[in-house]
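Take a look at this single chain, the form predicted alone, given in structure tokens.
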């Protein structure tokens, strides 16, 4: 008779194999073809906007004129405005706005709740991260992906250029949802490790016992620009349960016996609606871009809606 431990190991190996195959399908050839189309569409959606809305307030040697200042010994004569000198007899130096590439960070919630059920939330999160990262890479932004994990954060090193998208795929394929959610602690670790500020795209279901506000506020208070993509599975508000059942927290393992009635299900659905409205109000009040991403919406439509919603492309 096969030993129980051997059976478990085979089962676990089979499960891991299925997980790897599923991850490979996330970024198949069809998905990769969509990325270029979405990158083109993103340029059309935002056609006419300044290429450098991300201009820094620094004065440098860029191409956009900003101001004048008086000439001082040692200044480069090439920047002297000779037209002004001819008219006013003053030596003034032209100043230009210096354009900087944007740093874009994708912070992916890798807690167990993201993999709850059939894992659609975690798959959608990874596909969205890959698509938006590709758009950033195509625009020559500095792209970094950070996995917010219970045992600390892992990261894909900063990269540029759309040819690097395969590094994005490889990193995202290797992620697994496990452990408890603590966005505040995980984002605090991220902030401590990344001194260059930029756009921080938080992709999460925002189920956090400590409060979803904590992680977002850490980004705000440390001068990152948060962009919240809320992964939503509507079926979680209408579970197919009836009668006496034992429910278990997928992250902590805590369990409770409850009697499921129609009234309880209605209260659950209302609580979910209230929670989503609370997140929406908090983000609006804090001037944080908030985008709810329904897992039942097609991936292409979701990405286009992100573009139309604004706040991501700069």
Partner chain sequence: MSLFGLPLATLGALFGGAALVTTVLYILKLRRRRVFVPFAPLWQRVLLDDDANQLFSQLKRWLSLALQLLLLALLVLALGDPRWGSKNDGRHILVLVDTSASMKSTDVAPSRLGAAKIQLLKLVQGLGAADRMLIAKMDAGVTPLSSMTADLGDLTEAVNRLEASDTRVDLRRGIDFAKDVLTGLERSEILLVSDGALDKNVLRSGELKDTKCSYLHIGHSSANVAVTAFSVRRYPLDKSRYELMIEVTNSNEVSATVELRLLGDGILVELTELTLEPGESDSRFYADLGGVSRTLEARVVARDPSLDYQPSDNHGYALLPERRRARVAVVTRGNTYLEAALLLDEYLDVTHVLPDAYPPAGAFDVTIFDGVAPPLDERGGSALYLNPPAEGGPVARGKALRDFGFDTWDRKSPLLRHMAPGNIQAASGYSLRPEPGDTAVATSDFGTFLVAGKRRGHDFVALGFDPRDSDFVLRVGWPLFLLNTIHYFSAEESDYLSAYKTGEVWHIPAAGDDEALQLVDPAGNQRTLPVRHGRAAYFGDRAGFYKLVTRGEGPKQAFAANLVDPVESDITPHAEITLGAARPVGISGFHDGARARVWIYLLLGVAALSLLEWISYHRRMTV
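Numbering follows the first chain given and starts at 1. Quantities reported herein were computed from a predicted structural model and do not represent experimental measurements.
There is another form of the same protein, the form predicted in complex with its partner chain; it is not shown, and what comes next is about it.
* To do: May I ask you to state whether residue 154 is within 4.5 Å of its partner chain in the model of the complex, using heavy atom distances?
  => No.
* Hey, in the model of the complex, is residue 286 touching its partner chain, heavy atoms inside 4.5 Å? -> Although its partner chain is absent here, residue 286 would stay clear of it in the model of the complex, with no heavy atoms inside 4.5 Å.
* **residue 149, heavy atom within 4.5 angstroms of its partner chain in the model of the complex** => Although its partner chain is absent here, residue 149 would stay clear of it in the model of the complex, with no heavy atoms inside 4.5 Å.
* With heavy atoms only and a cut-off of 4.5 Å, decide whether residue 207 touches its partner chain in the model of the complex. => Heavy-atom contact with its partner chain at 4.5 Å: present for residue 207.
* Any chance all of 236, 245 and 256 sit within 4.5 Å of its partner chain in the model of the complex, going by non-hydrogen atoms? -> Yes, because 236, 245 and 256 each have a heavy atom that approaches its partner chain to within 4.5 Å in the model of the complex.
* Candidate stretches 109-117, 137-145, 216-224, 182-190, one within 4.5 Å of its partner chain in the model of the complex by heavy atom -> Stretch 109-117 is the one.
* What are the residues of 144-172, in order along the chain, with a heavy atom within 4.5 Å of its partner chain in the model of the complex? -> Heavy-atom contacts within 4.5 Å come from no residue here.
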